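In what follows, one protein chain appears twice in different forms, each by itself as structure tokens: structure 1 and structure 2.
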Structure 1
Amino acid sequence: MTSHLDGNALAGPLSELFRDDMTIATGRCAHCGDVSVLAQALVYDAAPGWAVRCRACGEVLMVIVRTGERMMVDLRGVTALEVPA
């Protein structure tokens, strides 16, 4: 497996979709139930996007793909996403 970055690598791409800093958002893994901030996720940066894996079990939390003028996000590995008020 290739080396990974931490979830702070998501700050740029997620800022294009959400107005808040999503690296401090808390997510719950759909696979193991681990709850942690996205900054602690394992991020694999491979063009044209990013694969984001759970820090506890390694399962995929989300996939973000940028194609030209579009950005697509698959969040099926996250059962809850909470942004601090």
Structure 2
Amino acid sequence: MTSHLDGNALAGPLSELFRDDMTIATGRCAHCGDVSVLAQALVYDAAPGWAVRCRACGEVLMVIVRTGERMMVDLRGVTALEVPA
């Protein structure tokens, strides 16, 4: 039988992931495979939210929307988000 943990187990790994300045995190573009630090992405902020695009292919890596009370982050185009362990 396959066992699993509940989501509380993520507290450790996720706090490690989001611990530092995320602009030095490396992401892999889901569209073209380009691997780069987020600081190199192209950020389009003149919009109802921020659209973050791949420096190589221009496709959307992530979308950030602030509604006033909430912030939503959509990592639709990023795979293998990587930080130093």
Partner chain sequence: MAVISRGFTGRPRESQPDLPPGQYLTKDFPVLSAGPTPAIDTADWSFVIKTETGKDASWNWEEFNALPKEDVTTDIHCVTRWSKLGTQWRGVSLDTLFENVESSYDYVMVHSYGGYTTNLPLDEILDGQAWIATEFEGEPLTPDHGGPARMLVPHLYFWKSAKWVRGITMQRDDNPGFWEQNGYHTNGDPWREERYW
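Superpose the two forms; the largest set of C-alphas matching within 1.5 Å is the rigid core. For numbering, take structure 1's sequence and count from 1. Predicted model only: the values in this text are computed from it and were never measured.
Discussion item. Please identify the form predicted together with its partner chain: structure 1 or structure 2?
Written reply: Answer is structure 2, the other one does not fit.
Fill in: Rigid core superposition, residue 48 Cα moves 2 angstroms or more between the two structures
Yes, the C-alpha position differs by at least 2 Å between the two structures.
Discussion item. Core-aligned, what does the C-alpha of residue 8 shift between the two structures, expressed in angstrom?
Written reply: Once the two forms are fitted on their core, the shift reads 30.8 Å.
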